[in-house]
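Next up: just one chain, as structure tokens, the form predicted on its own.
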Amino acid sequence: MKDSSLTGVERFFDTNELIVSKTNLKGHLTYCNDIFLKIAGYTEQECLGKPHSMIRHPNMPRCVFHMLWQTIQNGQEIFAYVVNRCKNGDHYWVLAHVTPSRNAAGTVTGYHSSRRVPDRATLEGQIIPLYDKLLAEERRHANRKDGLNASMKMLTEMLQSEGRAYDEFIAKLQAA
């Protein structure tokens, strides 16, 4: 299914730039740096208090976000390749590092995401083909929950066949 609000145009940011955002526990934006605002095409006023999913690209497999949220809600960090949607329908790829933010007592109070430019060869050779398969599986099911469960199963089986956990899979891609 093609989303008419998408332009198909990819935006890029410099390798020395870092996109940073912070959210509360519900995923609502509490901070966006200037690089985030510049590439996504939003003002700070348009972002603060809004769900981080405002930049979610419809071609991003839901199972990857499901895994991401499970990981950070369990107090762990995660690295993930993510395609985001800009305000005007353009898109940009990132390698995101998402961590829980804790107060002095160690209680998780929100989440911090730092995103950098992903390796192009890894995107084109590994991530985009994988995400295309996961997304096709999700869309094959009339029920969204069934689609999510099916793509999670597909991702889990792929990781099991490689004998790796998700974080090991991503680390292997970064080292290649």
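Since we're looking at a predicted model, the values are computed, not measured. One-based numbering along the sequence shown.
Just so you know, the form predicted together with a small molecule exists too; it's not on screen, but the next bit is about it.
- The listed set 68, 148, 123, 117 contains one residue whose heavy atoms approach the small molecule in the predicted bound form to within 4.5 Å, identified as 68.
- Residue in contact with the small molecule in the predicted bound form (any heavy atom within 4.5 Å), chosen from 112, 139, 38, 133: 112.
- The candidate spot formed by 23, 72 and 98 is fully in contact with the small molecule in the predicted bound form: every one of the three has a heavy atom within 4.5 Å.
- The small molecule is not shown here, but in the predicted bound form it comes within 4.5 Å of a heavy atom of residue 55.
- Shown alone here, residue 82 lies within 4.5 Å of the small molecule in the predicted bound form, counting heavy atoms only.
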